[in-house]
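Let's start with one chain on its own, the form predicted on its own, as structure tokens.
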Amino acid sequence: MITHEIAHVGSVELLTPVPDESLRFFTRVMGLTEVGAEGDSVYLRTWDDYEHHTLKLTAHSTSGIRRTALRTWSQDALERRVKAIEEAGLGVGWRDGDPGVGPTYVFRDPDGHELELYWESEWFDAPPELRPALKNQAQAYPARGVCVRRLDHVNFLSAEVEPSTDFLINVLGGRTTEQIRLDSGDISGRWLHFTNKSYDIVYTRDWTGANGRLHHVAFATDTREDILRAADIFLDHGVFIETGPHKHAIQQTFFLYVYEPGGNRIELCNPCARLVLAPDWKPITWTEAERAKGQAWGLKTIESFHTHGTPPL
């Protein structure tokens, strides 16, 4: 079994056809801090992610996710995983990393999503105006908008869930915490983690049969009350609330889903207290009938949750 080779999801690159509007959303409404720009991209960070940036926002003709970055536990771990990816035939190759990131190895999962691995990372050194009072915090609390604390997870849409999740399990060392099995026997959703967080990467079936699309990117808040306040903030700023605040049955996550101006679905979540500490954890499997009941408190899952993805078809 592969263990402790991937440390965490480091950052994501989101594409947007309306870069100015998306930038205002992530800075003024979500509360991220801009830390640099390069070409058509702006680099942003949440206040408690320790690395240079959390989000790379790139102007593009359409929406979607270009790449998801995973940091390894060490240089040796990086080299071992690169070898395994190349043996699986899904490698793209080495590239210079983004600002704050060393050499990066790019690859694709079986569904076509682009990911990258890296080890070398520049820890964020806050300038005086962003310096926190507590030395064990990356930057001062910005007190602006929602003020999300950190990047939590990425949910990919996939024409078939099992090939990509099997790849992450067998090649990267991901482990399944929960999954959905349809009456046909097919897996339509699978939640994977690399450490003690209950999930880091999710794959759910794209019912359109398309490849390489995004379902959502999720940011964690300190408390569930932060998500309730966020709903008011989104209302004041004219942000479209798709569903929530509510509680998922799967992973017991308190959630709120919105669309940022470029069309990408963004989740606010509060999964922080739920950790998977058991080394012999057995995946929880939900049936089709159980999922048909809706969310934890009986709210039916809205139709757009199964149909909206980016880029749009």
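Residues carry their position along the shown sequence, with the first being 1. In this text the structure is predicted, and so the values were computed from the model without any measurement.
What follows is about the form predicted in complex with another copy of the chain, which we do not show.
- Exactly one listed residue, out of Asn170, Asn196, Thr208, Ser184, brings a non-hydrogen atom to within 4.5 Å of another copy of the chain in the predicted bound form: Asn196.
- The candidate site formed by Val12, Ala37 and Arg67 is entirely out of contact with another copy of the chain in the predicted bound form, as no residue has a non-hydrogen atom within 4.5 angstroms of it.
- Proximity of Gly262 to another copy of the chain in the predicted bound form falls outside the 4.5 Å heavy atom cutoff.
- Not displayed here, another copy of the chain is kept clear of Phe156 by more than 4.5 Å at the level of heavy atoms in the predicted bound form.
- A residue is said to contact a partner when one of its heavy atoms sits within 4.5 Å of a partner heavy atom; Trp94 fails this definition for another copy of the chain in the predicted bound form, lying far away.
- Contact annotation for Gln252: at least one heavy atom lies within 4.5 Å of another copy of the chain in the predicted bound form.
- Residues placing heavy atoms within 4.5 Å of another copy of the chain in the predicted bound form fall in a single listed stretch, namely 119-127, out of 94-102, 119-127, 161-169, 208-216.
- Contact annotation for 277-292: residues with any non-hydrogen atom within 4.5 angstroms of another copy of the chain in the predicted bound form are Leu277, Ala278, Pro279, Asp280, Trp281, Lys282, Ile284, Thr285, Trp286, Glu290, listed in sequence order.
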